[in-house]
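Take a look at this single chain in structure tokens; it is the form predicted on its own.
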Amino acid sequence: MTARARALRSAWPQYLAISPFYLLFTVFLLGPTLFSLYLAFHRWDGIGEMQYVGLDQFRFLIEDQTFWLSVRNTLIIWVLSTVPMLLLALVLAALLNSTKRLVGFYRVALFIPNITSVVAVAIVFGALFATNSGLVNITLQGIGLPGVPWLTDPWAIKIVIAMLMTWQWTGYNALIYLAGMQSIPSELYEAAKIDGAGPVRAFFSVTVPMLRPIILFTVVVSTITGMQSFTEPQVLFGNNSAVNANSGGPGQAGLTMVLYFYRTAFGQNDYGYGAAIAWAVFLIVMVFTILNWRLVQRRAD
């Protein structure tokens, strides 16, 4: 028996201990992923025989105007939600870092939106932004401003979805920034104070530069999660058959890429084309993630 074989034999309890993870990973993640790639080259309704179509699904995808509409919607919602969300999270973290009382309460309050059911929050947002009976429009009209068709206007729909995502993830990112701020050596702030820097100057000259790796992490994670938005438009508009069932609201203004994939695969039973959409979404998310990572990293350098 060779030394390598003896080493493997002596370590079999450790391999056995970690084997459940790899078995579950293979069955529930790797296997379906490879099968979706196989499906993307076939036409299949989930019941009948698969028909090999080569690259036809991808050729149709390039000419599919609804797919490109979903890409535009996703990018707009992602920008409207990610930029204010990260800026607001940074400000909240700075305020919380300077707070001495009720710190634990504020941390819990910031994290609650992230653990609240997205479905429940979307239903509440749908009620708040209802055109005729929503609290937001009632408040606007109460101070003399006209009501806004939040759930019927194309841009208002995107803003509502973006606000929902911002509300859900701002506290989560603020706590990540707070953890980073608390690891910055206090000597840097003392040196900045000796040099005459005020709180604002110290924030931009010390805090933000020291947080750049964490900012890079939050930008990458926000890009990945923001461009896979699905539950928000699905719950807000999915059951509204009076306008356009499962299509992201009037004019498909809230139709995101993942929602379009879901509608195609599980609403129209076109699993082959749905798989092609899923792989296109994967490539788009990967490209934007790499671009954001390179952009933020270059500024950090």
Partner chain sequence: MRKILLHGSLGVAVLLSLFPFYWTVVMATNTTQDVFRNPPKLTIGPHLADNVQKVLQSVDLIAPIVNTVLVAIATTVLVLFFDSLAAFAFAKYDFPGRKVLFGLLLLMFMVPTQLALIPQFVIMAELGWVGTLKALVVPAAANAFGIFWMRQYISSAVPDEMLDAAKLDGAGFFRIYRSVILPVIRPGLAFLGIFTFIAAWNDYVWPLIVLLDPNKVTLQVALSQLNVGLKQDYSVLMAGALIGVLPLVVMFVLFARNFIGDAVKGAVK
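All values reported here derive from a predicted model rather than from experimental measurement. Numbering follows the first chain given and starts at 1.
One more form of this protein should be noted, the form predicted together with the partner chain, which is absent from this view; the next part is about it.
Residues with any non-hydrogen atom within 4.5 angstroms of the partner chain in the predicted bound form fall in just one of 155-163, 189-197, 79-87, 102-110: 102-110. Looking at L295, you'd find every heavy atom of it more than 4.5 angstroms from the partner chain in the predicted bound form. Proximity of F67 to the partner chain in the predicted bound form: non-hydrogen atoms within 4.5 Å are absent; the residue sits far from the partner. Using a 4.5 Å cutoff between non-hydrogen atoms, F60 does not count as a contact of the partner chain in the predicted bound form. Among heavy atoms of Y52, none comes within 4.5 Å of the partner chain in the predicted bound form. Contacts between stretch 19-35 and the partner chain, counted in the predicted bound form as any heavy atom lying within 4.5 Å, involve P20, F21, Y22, L24, F25, V27, F28, L29, L30, P32, T33, F35, listed in sequence order.
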